[in-house]
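Okay, so here's just one chain, in structure tokens, the form predicted on its own.
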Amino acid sequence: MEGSIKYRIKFKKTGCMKFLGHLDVLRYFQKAIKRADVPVAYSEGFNPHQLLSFAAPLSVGVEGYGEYFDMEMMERIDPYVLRDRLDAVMVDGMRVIDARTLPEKSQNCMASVTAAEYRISFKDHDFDFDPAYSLVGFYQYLDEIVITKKTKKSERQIDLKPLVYDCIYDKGDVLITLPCGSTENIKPELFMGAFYDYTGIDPAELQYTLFRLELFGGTYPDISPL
């Protein structure tokens, strides 16, 4: 909207709030913004709505520690004040951890996101090997990782190997960076499915927990947090 000021909000969604779907998160923040009494801008027309834009939706059941949305405001407010006012009305499992002003002609976060970093943490298991170490080895030593990626309209074979930007061992967990956005979007569940297929491990016997740690913009390897 002409004359509005754009802000980018960084938040985390943990605990029981990880079970909220994307539309529920949108509705949650719409109500929270009203409770915080900040001068959010509204669209024009017969059904005005708050001018919010969220980055890549987070899968239900996954905790997010670097989630983002943009909002437009009719009045300028100190980003630290905005952060504190929003965080003050959060419930357990939701925290607003940063806010900043955006340049006037900047892309919204939905259009800006290109990559995401995840932590894969394996649950208790009876295997006599380190599954995190095995997963990193699976990525490093194969020349290609071909899978069938299915969508609502079609399916196609893709090689995951060049699409996994980074896959490193970290204290018994795995940190993995993948494309995330409108151009290419690879979920870590696809990578894990390829690992199970290749090794013959039953997913029920080696379960894992996902955490999305950060969203990035830019072209890999020159990426930075949104």
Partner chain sequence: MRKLALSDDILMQVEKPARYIGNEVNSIIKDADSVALRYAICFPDVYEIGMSNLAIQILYEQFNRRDDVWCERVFSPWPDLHKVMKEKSILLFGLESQEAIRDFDFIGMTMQYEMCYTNILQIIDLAGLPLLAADRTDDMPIVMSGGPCSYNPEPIADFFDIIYIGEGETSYDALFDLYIKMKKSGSYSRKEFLHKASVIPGIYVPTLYEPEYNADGTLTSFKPVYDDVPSTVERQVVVDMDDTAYPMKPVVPHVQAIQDRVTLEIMRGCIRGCRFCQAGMIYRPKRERSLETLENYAVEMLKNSGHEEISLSSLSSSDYSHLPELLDFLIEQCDRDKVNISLPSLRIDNFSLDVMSKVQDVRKSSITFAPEAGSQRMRDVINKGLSHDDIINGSRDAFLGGWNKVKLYFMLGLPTETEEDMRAIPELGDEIAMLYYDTIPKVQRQGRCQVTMSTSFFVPKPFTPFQWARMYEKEEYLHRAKIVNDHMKEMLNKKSLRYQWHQADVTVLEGIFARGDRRIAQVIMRAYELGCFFDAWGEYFDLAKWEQAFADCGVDGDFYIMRERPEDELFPWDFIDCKVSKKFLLREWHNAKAAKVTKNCKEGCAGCGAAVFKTGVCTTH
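Bear in mind that the values here come from a model prediction, so they are computed numbers and not experimental data. Positions refer to the first chain, counted from 1.
This next part talks about the form predicted in complex with its partner chain, which is not shown.
Enquirer: Kindly confirm or deny that Ser53, Asn185 and Ile201 each have some heavy atom within 4.5 angstroms of its partner chain in the predicted complex.
Expert: Looking in the predicted complex, the three residues Ser53, Asn185 and Ile201 all stay beyond 4.5 Å of its partner chain (heavy atoms).
Enquirer: Where does its partner chain sit in the predicted complex: which of 109-117, 138-146, 90-98, 76-84, heavy atoms within 4.5 Å?
Expert: Residues of 90-98 come within 4.5 Å of the partner.
Enquirer: Which pick from Leu213, Leu210, Leu206, Leu20 sits with a heavy atom within 4.5 Å of its partner chain in the predicted complex?
Expert: The residue from Leu213, Leu210, Leu206, Leu20 that makes the contact is Leu20.
Enquirer: Within 4.5 Å of its partner chain in the predicted complex, heavy atoms considered, which of Arg156, Lys123, Lys105, Lys153?
Expert: Spelling it out, the residue with a heavy atom inside the cut-off is Lys123.
Enquirer: Do Tyr196 and its partner chain come within 4.5 Å of each other in the predicted complex, heavy atoms counted?
Expert: Although its partner chain is absent here, Tyr196 would stay clear of it in the predicted complex, with no heavy atoms inside 4.5 Å.
Enquirer: Within a 4.5 Å heavy atom cut-off, is Tyr42 in contact with its partner chain in the predicted complex?
Expert: Looking in the predicted complex, residue contacts with its partner chain include Tyr42, since a heavy atom lies within 4.5 Å.
Enquirer: Is Arg27 close enough to its partner chain in the predicted complex to count, meaning some heavy atom within 4.5 Å?
Expert: Yes - in the predicted complex, heavy atoms of Arg27 and its partner chain come within 4.5 Å of each other.
Enquirer: Contact with its partner chain in the predicted complex for Gly61, defined as at least one heavy atom pair within 4.5 Å: yes or no?
Expert: Yes - in the predicted complex, heavy atoms of Gly61 and its partner chain come within 4.5 Å of each other.
Enquirer: Taking heavy atoms and a 4.5 Å limit, what residues of 40-54 are near its partner chain in the predicted complex?
Expert: Read in sequence order, the residues that approach its partner chain (within 4.5 Å, in the predicted complex) are Tyr42, Phe46, Asn47, Pro48, Gln50.
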